[in-house]
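For reference, the chain that follows is the form predicted alone, supplied as structure tokens.
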């Protein structure tokens, strides 16, 4: 509520703080962290929309739906199951901390609880990259233990957290953090660098601004001699 010039109070539209689904990649599946307070119809639309945009790139990976503490009623579950069936999504597991919802899901015959991926016997196998063919909006966050490739823009307020490297084909305006796993040799690549802060491992590059000569240009950010170095991205013939 804000007082106007006449001394009366008027309602102003709330700030744009719509909660978003968080994508978190794992070795052989994708985890969707569902906000507990997102309106039901928006939730169903967002789940199906995100899956349709990424299903081909993810190569048929299964999905773990993590509703955190969200409560789901019978009607809501019925609508959600129908939408998921029509979308062709392969749901590996449903997670919720709400006991009533857990019992409802079990009665529906779906797998409830943490998904345990089969242990690979191949020594030294590496994680496949997580590639998303759409831009990330403010409030969206993507996590993956391997490399992350965004075929789009990363807008201000969006976050990418990768155990490996981060590659953004378009503008990078949000936060990018590469090398979360502590292994050296990872980098951040952007088609147009406009980020105010980036991180590689435990190193943070902040106070970045338009006065930099590489602002708005294609760059690669590397960790050299324990310092972050930004270099023009040049592809030699």
Partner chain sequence: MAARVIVVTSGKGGVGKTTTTANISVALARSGFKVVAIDADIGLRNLDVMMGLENRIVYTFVDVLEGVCRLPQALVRDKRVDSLYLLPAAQTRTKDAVSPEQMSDLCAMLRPDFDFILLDSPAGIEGGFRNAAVGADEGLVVTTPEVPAVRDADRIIGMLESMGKKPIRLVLNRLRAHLIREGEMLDIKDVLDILAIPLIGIVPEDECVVKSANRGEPLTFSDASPAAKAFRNIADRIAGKEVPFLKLDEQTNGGFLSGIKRLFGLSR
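Only a predicted model underlies this, so the values are computations on that prediction, with no experimental measurement involved. Positions refer to the first chain, counted from 1.
Below: the form predicted in complex with its partner chain, not depicted.
Only one segment in the set 137-145, 104-112, 69-77, 87-95 has residues whose heavy atoms sit within 4.5 Å of its partner chain in the model of the complex; it is 137-145. A residue is said to contact a partner when one of its heavy atoms sits within 4.5 Å of a partner heavy atom; residue 156 meets this definition for its partner chain in the model of the complex. When its partner chain is considered in the model of the complex, residue 171 lines it closely, a heavy atom lying within 4.5 Å.
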